[in-house]
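Just the one chain here, laid out as structure tokens, in the form predicted on its own.
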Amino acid sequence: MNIENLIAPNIREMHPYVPGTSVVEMAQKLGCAPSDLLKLDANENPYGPPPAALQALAAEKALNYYPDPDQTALRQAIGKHIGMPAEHIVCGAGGDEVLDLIARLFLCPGDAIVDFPPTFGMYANAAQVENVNYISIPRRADFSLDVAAAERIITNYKSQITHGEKFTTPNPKLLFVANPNNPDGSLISEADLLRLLALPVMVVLDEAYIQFSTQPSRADWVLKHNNLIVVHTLSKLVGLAGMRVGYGVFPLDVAKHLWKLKQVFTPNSAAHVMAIGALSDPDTLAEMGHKIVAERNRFCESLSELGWLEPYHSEASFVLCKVTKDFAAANGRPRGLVVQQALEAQGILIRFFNRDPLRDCVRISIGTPTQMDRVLAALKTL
């Protein structure tokens, strides 16, 4: 039997999402200990979870029981942290599960996701998994959104429905916006967000890195815009990437249906107690955020000394840099790949992009000052 023929065609043909490199796998490749590697390719928190999170896990005695399926204590802790009623919050195993649930809740055959690449790859991945159309509206050279194009595409489809015409475009239903955007760290303006919210689609605002920006979260906008969902993660500032905790802030009319789809016992019990513990210490979280932002700014200033690596302005916990130099030993390799491989040889893991318009770019997560000094020293050897 040809098992391939039994696989859903959309899944068989899709390209998998490629996450950051495994430290263990890379250590084996380079012949070193995992502790010798500097992992700056997945935007994790270099300081780890707050002590309160570790203490809460150590004190937990009920890990032999399933977690609370209603997530009551966790949603209350999150609600207190962001100033939102707990009934608007639904948690999942990382922000990725929340995004997946949103796609499953809204999308049917013939529908479409509207996206603004280059951005987080999970939005395009959701379109493939749900076997729906993907409407790509490329960002401008400065990574700002082409809101006018989104307005034309969406209003054109709705106009066809009104006039009973034959559809020439798929039905745009979900519109994803990362704010700050990944991989460049840019922000959407309030005016642009309001224009998108005026459209007859559900807007999903992914604020994974909002705590590192100068812009406040728009989570409270959910109370006055019934077509807005705001997604947060505890992987970045809170330092719980390994525990997988994320949540969405939803209009109540959306949340009540989302509970029907959600796996009953995610996040797991350990993630529950660590998240509640971490959120009980907002001062430590704020201090970590200030440290990462300060180091991001210092690192960007230091890059100017190189003369060949130009950072884009970032409001996140990473920096996207354009490589402006051709290397003599490149042998046809993209500039970004040359830099990525040179740093990898020195035990430093960063991200490069082998596609336009990011082909000559690398993305570097922000670590501690000592870690970033190691990166700068390695870059100078190039």
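In case it trips you up, residue 1 is the first one in the sequence shown, and so on. Since this is a predicted model, take the numbers as computed values, not measurements.
Unshown form predicted in complex with a small molecule; subsequent notes refer to it.
Contact check for D192: every heavy atom lies farther than 4.5 Å from the small molecule in the model of the complex. Interface residue remark: H88 is not counted as part of the site for the small molecule in the model of the complex, having no heavy atom within 4.5 Å. Heavy atoms of R296 never reach within 4.5 Å of the small molecule in the model of the complex, leaving it off the interface. By the criterion of a heavy atom within 4.5 Å, P267 is excluded from the residues contacting the small molecule in the model of the complex.
Contact with the small molecule, judged by heavy atoms within 4.5 Å in the model of the complex, is confined among 250-258, 76-84, 229-237, 278-286 to 229-237. The contact residue chosen from A112, A150, I292, A208 relative to the small molecule in the model of the complex is A208, the criterion being a non-hydrogen atom within 4.5 angstroms. Listed residues W308, Y134, W221, F120 were compared with the small molecule in the model of the complex; F120 is the one with a heavy atom within 4.5 Å.
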